[in-house]
Structure formats: C-alpha cells, structure tokens
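The chain that follows stands alone, in the form predicted on its own, written as structure tokens.
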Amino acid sequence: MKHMLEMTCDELSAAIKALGLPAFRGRQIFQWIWDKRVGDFAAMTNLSRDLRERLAGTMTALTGRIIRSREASDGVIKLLIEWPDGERIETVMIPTRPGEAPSARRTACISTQVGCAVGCVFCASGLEGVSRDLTAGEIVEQVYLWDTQPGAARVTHVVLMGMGEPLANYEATVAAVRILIDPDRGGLSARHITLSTVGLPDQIRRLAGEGIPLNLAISLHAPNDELRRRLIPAATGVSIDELIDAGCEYFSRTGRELTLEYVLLAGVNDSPACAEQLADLTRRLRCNVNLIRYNPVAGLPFSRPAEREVVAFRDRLRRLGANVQIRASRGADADAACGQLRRTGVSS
C-alpha cells in the first residue's frame, strides 16, 4: 500500500473505502494526520476502539522508528531512524538560538537516500556508499517526526541537505516537496525549502520547469574542474561551466537566486587564487556564496582552516564583488553538522 503520508484526502478515503468502511472515515483520519499531527490510530479518539485496532493492523502513517536521539550543546538535535527493512538514516533539527530572531524558526535537515553515492572525499555520508533511495513518504516522514516530538513546535523550514543526492532520487524528492507545500498537508512555503545538489545539470533544468520556487544550492566546493573532481568523484563527468549554465536557466525560469556552497578545507581550496577563481564564477550567475567551515570526520585527512583564514577568504571574495557569508557551524559536538551524517549511526 502507498505510504499514508503520500496520500491525498481522496486517496486515503478510497483506501479506507476499499476496507469496507465509509469514505468519511478517511477524511477523519486525514484530519488527524495532518491537522492535528497525530499518526497513531490509538490516539484518534473519535474512532471506535475496534476500528482503531483494525486500522492499526492494516495501515500505518509512520513507518520509521527512532533508534537514537542526540543533542548538541547548541541545541541542535539529531535522530537516527530505522526503516522496516533495517536501513537507517539520520536527520537533524536546527532551532534558532535563544535570543535570535525569528525565535520560532525550526529548520529540519532531511535525507533523501540511505547513504550517498556522490563520495565527496571530506564527507561522512558517503563512506558506506548508497544502499537505496528513500520513498517520498519516508522523506516527508522525517519532517513529520520533528513536528510530532513531545512539546515541539512545527517545522518552519526544510533543507534537503542530509544524506544523499536529492536530484539522483528526483521523482521521490519532487513528490515529497509537493506534499510539504500542499496547504492541506505539510503547509510549508516553497520559499522555506532549500534543495542542495552536487550539481546534475539535466535535473536542475527539469526542476526549473516544475513550477516550484524552491531555493537551490549547488555544492561547489572548488573553483575549477581539476580540484573539484578530486574532491567530488561524482563530478568527473560534469564541468563547472555546465553547472553555471544550468544555474542560469534555473534563475531565469524561477526568479530564485542560487547559493554556491563551499566547504573550506585547510590548504586545499582556501588559497587566494581559489578565492579569485570563485569570484570569477559568481560574476556569471545570480548567486550568493555560503562558506562552510569544514566539520571534522574521524579518519579523513582534512582539517578546518584557522578562523583568520576563513575571514580572509570571505573578505577577499567581497572585495572582488561576490555576495558571500560564512555559515554558522551548528551541531558539531553531536556529529550533526554539515558533512557528518552517516547511515549506520556509528558516529552517535
């Protein structure tokens, strides 16, 4: 049966009717799931006990099981989730720090695959390769789980920046986004969702035609093809020029500026020459640059540049006319920061 979080109200009503029950029960269940964020039949109190027990034996809204929760000193929380087939992924909640505005902002960083095939040499997510794609329901379920944690406020923003390459799981990713922005289901604004991709030009162009004004971030990490292919093995067949062209088309069709993500690795991609080459690229595309301090991964031979080097790299880019910021590092002491998520949970 289709994952219940993938079902529209009409689809759920039809599924309920197929069980020999009146269709209006489907509408009741839909309201419990989405209006009240209750995915447990036992808690749907306007259904009879017999009916709740019957439904619990045939259908489920939540298929994942939280194996472990870990909280960082800055309030970031990471969940390790296990699916019925035994596969596991990690997802992260990034709340606004106390005193920051807007105080109610809660950003869910979600995964789209079990593992990752991209193989960025500085990232933990691809160390065990990729096992399978997540379904649209499993992608949405990560947001739903954050919404339904005890005492939690609703998720306000979503970043598809967890494990996996979203555009390599294109159909499920787009279907999940449509559920998340559906006013009757997820209820989020598309402008509050960011999709991060290593850069698949054909899929970027296809995404531009979906009519969804998502924020698109390209994981660049190097300002020239030679270095990028060393850092991102999956980039071997895609040039930066192709990415820039696809990014320009995305902007022209959606009106959304892109973000170029750039993880700074000490002595690798943080030189003045790299800054100058990166600035040249920004002149060809309506974009902002997000500088990300490398988050250490045990066993990998990289280190984070000194803070003065990070600031110097940013300032050089600004002098050269680039729009650039340094992304705040959050969750590192719980292995919940960018590049630290794993499918096995061994980092937890």
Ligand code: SAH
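Residues carry their position along the shown sequence, with the first being 1. Everything numeric here is computed off the predicted structure, so don't read it as measured data.
Separately, the form predicted in complex with the ligand exists; it is not shown, and the next lines address it.
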Within a 4.5 Å heavy atom cut-off, is Glu165 in contact with the ligand in the predicted complex? yes
Distance check, Cys338 to the ligand in the predicted complex, heavy atom within 4.5 Å: yes
Does the ligand come within 4.5 Å of any heavy atom of His221 in the predicted complex? yes
Applying a 4.5 Å heavy atom distance criterion, does Leu188 contact the ligand in the predicted complex? no
By the heavy atom within 4.5 Å rule, which residue out of Leu51, Ala279, Val297, Val310 makes contact with the ligand in the predicted complex? Val297
Identify, from the list Val268, Leu180, Leu160, Ala235, the residue with a heavy atom within 4.5 Å of the ligand in the predicted complex. Leu160
So if I measure heavy atom distances to the ligand in the predicted complex, which of the stretches 116 to 124, 245 to 253, 202 to 210, 84 to 92 falls within 4.5 Å? 116 to 124
Only counting heavy atoms and a 4.5 Å limit, does any residue of 247 to 262 reach the ligand in the predicted complex, and if so which ones? Glu261
